[in-house]
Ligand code: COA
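Only one chain is shown below, in structure tokens, and it's the form predicted alone.
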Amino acid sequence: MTMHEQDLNFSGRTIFVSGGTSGINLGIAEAFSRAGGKLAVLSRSQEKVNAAVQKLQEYGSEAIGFSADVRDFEAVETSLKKAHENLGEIDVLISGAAGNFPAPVLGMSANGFKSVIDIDLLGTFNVLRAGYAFLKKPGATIINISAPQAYVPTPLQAHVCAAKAGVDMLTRVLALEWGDQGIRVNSIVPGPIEGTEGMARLAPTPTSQAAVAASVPMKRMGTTTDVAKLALVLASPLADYINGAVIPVDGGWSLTGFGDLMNKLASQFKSSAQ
């Protein structure tokens, strides 16, 4: 085993993934499972939890799951406590639950805006705040899953822009507050990732998907594996001195801005209040 292979071996380590039953977050959970980690996943759907746990166990790793809404602090705390009781101290805590729907500000209700804020931002706070008690100290790593909308003003995405900007700032604040306890906190910012629910909502047709891919400097959408590889590195000794970073995995997409593209795609979306 080479040095890097040893660094990326998570045997005996516990990884908790909020939102870890589909899309990017499931891809991350699978990567840690293949690397030998013990996995706990959380999402609202018990059916998705069961399917994800079965899939993770197929890699030969220990895996458990919980059904809870990240907006419910007590439910999140209970899930984290059970994960700790069954799998031990949490080495890697990943907060990735998110909500989204495309709509202009005048086409969304106050409740629709609040829903995304509560899932993305409050949900991240709940996972991190509740998870603190169960983290390995020193040595734990926290990874928040953000979005380019956090720093690229994006039509039809005011709610996500506000929520994810908050997530990135929370990442930086906790990197300051918890760094002296040996806890590193970073954000991963996936760009357009193929095969995900979020991308299906923002680019629901083959034509719109082709337009998105063409707008990326690397001329392709990313994959869940692209994101998972960075998660593995950030959680490993290879990143021991990386703390408070907000790192895009987007093929350079955010460098282009993408507001014009979203405006062009806007005609696909209904402007009725959500």
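Position 1 is the first residue in the sequence shown; the rest follow in order. Being a predicted model, the structure only gives us computed values, none of them experimental.
The following text describes the form predicted together with the ligand, which does not appear among the structures shown.
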* Asked: Only one of E177, E197, E74, E85 has a non-hydrogen atom within 4.5 angstroms of the ligand in the model of the complex; which is it?
  -> E197
* Contact assignment for the ligand in the model of the complex, among A103, I90, A203, I183, heavy atom within 4.5 Å -> A103
* **Residue contact check: I119 to the ligand in the model of the complex, 4.5 Å heavy atom** => yes
* Quick one: is S109 in contact with the ligand in the model of the complex, heavy atoms, 4.5 Å cut-off? -> yes
* Heavy atom of P155 within 4.5 Å of the ligand in the model of the complex -> no
* Asked: So in the model of the complex, does any heavy atom of R44 sit within 4.5 Å of the ligand?
  -> yes
* Stretch in contact, per heavy atom within 4.5 angstroms of the ligand in the model of the complex, of 168 to 176, 128 to 136, 77 to 85, 93 to 101 -> 93 to 101
